[in-house]
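Take a look at this single chain, the form predicted on its own, given in structure tokens.
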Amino acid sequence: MGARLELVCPAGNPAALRAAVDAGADVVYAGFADETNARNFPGLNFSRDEMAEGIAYARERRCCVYVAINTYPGAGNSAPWRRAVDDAAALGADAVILADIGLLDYSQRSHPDLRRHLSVQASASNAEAIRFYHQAFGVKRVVLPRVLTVSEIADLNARIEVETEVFAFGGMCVMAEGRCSLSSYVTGQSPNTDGVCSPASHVYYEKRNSDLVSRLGDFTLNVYSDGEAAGYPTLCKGRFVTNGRASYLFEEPTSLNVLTMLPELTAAGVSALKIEGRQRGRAYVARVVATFRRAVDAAARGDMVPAGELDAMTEGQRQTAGAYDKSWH
């Protein structure tokens, strides 16, 4: 038997939380319904009462809940973020996922026994940065940005004292996490401070003859021909015309999928796998979590890891191993 990777799964609402738990998640991560987490979309996330019920449901089934509070407070407006940390601690969260240095300091001083994880939004990708967060704020785990190869992750794990968590399945992002301002350029709102990339209030779809046009604010991001699958319009995955040809200049619609890389990630010293998808429905969550549950357990036993089961769930019907094998950038 090898080391068993912890399976950290998404929940954008109570139904998705129950689906993830029932499908075999070791941990569910979720956020409060406000700008304190990086998925602040209408209809998503949890009230305080829903979070309490979710934690109770998970705990009864030996599953943990991490609360993401991973956006950055604006100057002079830290109260909502501090309140989120206080409430997560009071509700019995197993860990809080933080990015802002001030909030990490507040959490350590106010709730020293509350486990702190460093969000990918902090963009910590080298041993010196991670040691700082560990020594200054007692961070126990860091969620690594999606820019490292497996060999780089192994080298990093040999040099730090904290656990590492890596992304396993879901959307790819062309920018270093925590530093993307593309959405803010178009809408005035960014994932880093408002918790939302491409806010729904700025998204428009319209028919143009037989084509479907997607827009973000005043910008046309894509034109889909009849029958072509339309994705959610984000600026980094817009299709733009250069030299008379329309193409995805920044990033093509594709999904990260590491199902076949679990033995390598385990050998590299990774502690946990994060599945993306807090904007997804419970059916998506249930299927992806169940598939990774079987794969993680198979890898721990030394058995063949099942592959190909999630091909139909990938964005644009395409998948990649991303930077893990240097094929992405």
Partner chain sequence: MTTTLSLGPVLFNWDAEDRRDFYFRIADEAPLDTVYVGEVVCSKRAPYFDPHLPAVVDRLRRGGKQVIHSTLTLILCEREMDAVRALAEVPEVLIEANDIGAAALLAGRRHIVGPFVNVYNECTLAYLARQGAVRVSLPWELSSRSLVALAKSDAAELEVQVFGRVPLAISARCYHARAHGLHKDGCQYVCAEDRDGMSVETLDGDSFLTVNGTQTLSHTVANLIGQLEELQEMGIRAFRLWPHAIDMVAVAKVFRDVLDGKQTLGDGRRRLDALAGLAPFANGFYTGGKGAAVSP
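Numbering follows the first chain given and starts at 1. Each form is matched to the other, and the largest set of C-alpha atoms that superpose within 1.5 Å is called the rigid core. None of these values were measured; they are calculated from a predicted model.
The form predicted together with its partner chain is left out here; the points below concern that form.
Candidate site formed by Cys197, Thr266 and Gly308: none of these residues places a non-hydrogen atom within 4.5 angstroms of its partner chain in the predicted complex.
A residue is said to contact a partner when one of its heavy atoms sits within 4.5 Å of a partner heavy atom; Val147 meets this definition for its partner chain in the predicted complex. The shortest heavy atom separation between Val96 and its partner chain in the predicted complex exceeds 4.5 Å. Mapping the unseen interface onto this chain, Gly227 falls outside it, with no heavy atom inside 4.5 Å of its partner chain in the predicted complex. Its partner chain is not shown here, but in the predicted complex it comes within 4.5 Å of a heavy atom of Val241. Of the candidate stretches 74-82, 255-263, 88-96, 163-171, only 74-82 contains residues with a heavy atom within 4.5 Å of its partner chain in the predicted complex. Applying a 4.5 Å heavy atom cutoff to its partner chain in the predicted complex picks out Gly102, Asp105, Gln121, Ser123 from 102-123, in order along the sequence.
Core-superposed comparison between this form and the one not shown: the C-alpha position of Gly244 differs by no less than 2 Å. For Phe137, the Cα coordinates differ by under 2 angstroms between this form and the one not shown after the core has been superposed. Remark: with the core as the superposition reference, the CA shift of Glu228 between this form and the one not shown reaches 2 Å or more.
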